[in-house]
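Next up, structure tokens for two forms of one chain, structure 1 and then structure 2.
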Structure 1
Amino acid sequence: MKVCPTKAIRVKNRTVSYIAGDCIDCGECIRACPRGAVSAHTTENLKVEKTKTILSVSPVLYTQFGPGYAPHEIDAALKSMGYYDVYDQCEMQEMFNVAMELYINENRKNKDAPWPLISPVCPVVVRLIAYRFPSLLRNIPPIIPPRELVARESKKNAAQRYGIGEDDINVLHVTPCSAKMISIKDPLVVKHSSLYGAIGINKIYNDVMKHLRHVADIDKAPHSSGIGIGWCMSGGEIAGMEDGNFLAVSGMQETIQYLEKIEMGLLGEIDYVEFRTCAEGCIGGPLTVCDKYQAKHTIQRLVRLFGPERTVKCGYLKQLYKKGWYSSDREAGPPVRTQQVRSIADAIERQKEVEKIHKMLPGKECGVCGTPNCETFAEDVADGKATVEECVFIKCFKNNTEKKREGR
């Protein structure tokens, strides 16, 4: 309840409820509650026919089984589980790096974009901005994130290669992220997602373990992209970009602090900020199995093995970029998600009421009322969603004075 960055959780009568429209699916509550009072919405309940399903794998999966297994061995394990095909996202992440460089250069020249630009990759960050920092939506470039590009292209390839319809094939994202499902149902960075669903790494882990076999000595493993693997940790996305002024920030509170700064007009000298609301980046995702520092160790080993150099060809990518291959159909950026619920005049009255109630409260921030803190409780009371007596301190005080009056 207290970890929720948008204060969307209430606990009343021993049950957890969410204020619809305030939840940004960040997964902080999933991480905080080990007993599973909350769980992520993923595709578990969806019926998927494995033979008609392509898996698009977040490289975070490659960090979950220690440095002894190469990415292609993990892909092979997934395939032997009966899926139609498996796609590694690493190369697409490099391609995305190139597109973003082109976008930055173009906009630096014609001075169009507001600075700094903000990475469209983390879906929680995009949601956080849409709900709490809507003035920064225009800082998010209309470039399609790698997971969507992979889904779009892998469907196209499969259709071409096997002569089936694109609609006959589904792409599932294997992910460490609790926000992927919502970002598929309601994608803010594109109008419609090319993904069919998402499946948590923690849901597929045991099965992969069962199918995992060594194919070759790890040192002789086929080349995957070191840059792509590095993307899983904070700083990995910008590490794949060449000359520019970049910044990487990870963690929910840190992200909020930096967004506040950018909204106040700071950091304008920076070109691009990579935000990840999970600490240490995607390896810190709530649906991972392996501890994030252990995973980081594995990444560093794999990056050394595959090398930090770019493996994609820029000339060709430049052509694709010019053709709009990367361009989102939301040209003006993601849509605003804050609702104007009351007029300014009403807001002023409400604010005064909130402050009056807040002053009556003990300020112990105990949370017994089922609200994350005293200020939020005061807001709920002002909005008629709670009564002051739900505060134990006020109730006690009231009972005591009544008892005194009765002469006991």
Structure 2
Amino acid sequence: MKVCPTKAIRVKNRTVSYIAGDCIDCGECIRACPRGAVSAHTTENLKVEKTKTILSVSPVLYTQFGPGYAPHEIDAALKSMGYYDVYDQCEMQEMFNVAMELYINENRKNKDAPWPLISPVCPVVVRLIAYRFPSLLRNIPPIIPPRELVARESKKNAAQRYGIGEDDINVLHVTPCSAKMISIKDPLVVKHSSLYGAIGINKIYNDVMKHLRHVADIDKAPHSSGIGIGWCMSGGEIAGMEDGNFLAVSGMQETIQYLEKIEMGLLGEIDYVEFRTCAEGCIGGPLTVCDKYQAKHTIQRLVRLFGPERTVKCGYLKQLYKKGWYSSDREAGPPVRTQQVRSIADAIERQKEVEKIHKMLPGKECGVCGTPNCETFAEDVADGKATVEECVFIKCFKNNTEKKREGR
């Protein structure tokens, strides 16, 4: 309840928790719950025909098995499980870097362009901005994230090979992130997601390990890049970009603090900010298996192995960029709010009422009332969702006062 960045969780009768506000699927409650009562809804339980299913793999998966296994061996293990094909996102992430550089250079010529630009890659950050910092939506470039580019292109390629429609092919994203499902069902950076669903790394890990033991003498040449592998950790995205003033921020509270700074206009000298709400980047995602610091060590080894230089052809990518190959078909806009939208006058009156109620409260921030803090409780009371007597301190004070009046 207390770690939720949007203060969306409430507890009823001290036993049952529920969502009362805007959930951004960040997974903070999954990490915090000591009993494992919170879990992410993914696609692994849906029945899909593997022979017509493609896996789009987050490079984070390659960090979960230690230094003894190479990315192409892990891809081979996945394919041996019966899937039609497996796509490594690393190359597409390099291509995304080039597209973002071109977009930044274009906007430097635009006097009205918002600065800094904010990476559209992390779905939690995009949803957090939409709910808490909607004025910053214009700072998110209309460039399609790598996972969507991989899904779109792999479906096209598979449809040509099969000779069937793209709608008959499912693309599943193997991910460390609990927010990928909502970014598929209700995307904010594209109109419609090309992904069918998402599988948590923690759900597929054991099966991959079983098949890895039987994978030997792989002839397939490694196609991962050091730049793409580096995306797994904080700073990896901007490490693949050149000629600019970039910044990488990880962790939920740090992300919120820096978004507040951007909202106040304090970071206008920065060109681009890579935000990741998980500590240390995507390797700190709630659906991972390996310790994030061990995973980071594996990443650093793989980056040295594959090299920090680009493997893509920039001239060809510039042509694709001009044709709009990377461009999103949706302007970043706020999602449908679950909370009531008020007029300015009503909002002012509500705020006055909230402040009045807040002054009555003890400020203990105990959470016994079922809300994360006194301010949120005051908002619930003002909205008619709770009563002041639900505060145990006020209730005790009221009971003691009544007993004194009755002479007890």
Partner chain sequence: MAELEKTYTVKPRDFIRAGEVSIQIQSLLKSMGVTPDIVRRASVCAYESEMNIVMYGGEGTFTLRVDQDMIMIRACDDGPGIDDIELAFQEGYSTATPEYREIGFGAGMGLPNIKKNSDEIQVESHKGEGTCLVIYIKIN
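Each form is matched to the other, and the largest set of C-alpha atoms that superpose within 1.5 Å is called the rigid core. Residue numbering: sequential along structure 1, first residue numbered 1. Quick caveat, the model's predicted, so the values are computed rather than measured.
Here the chain appears twice, and structure 1 is the form predicted together with its partner chain. Positional change of Lys111 between structures 1 and 2 reaches 2 Å or more at the C-alpha, relative to the superposed core. Once the rigid core is overlaid between structures 1 and 2, Cys23 does not reach a Cα shift of 2 Å, moving by less than that. Aligning the rigid core leaves the CA of Asn13 displaced by 2.6 Å between structures 1 and 2.
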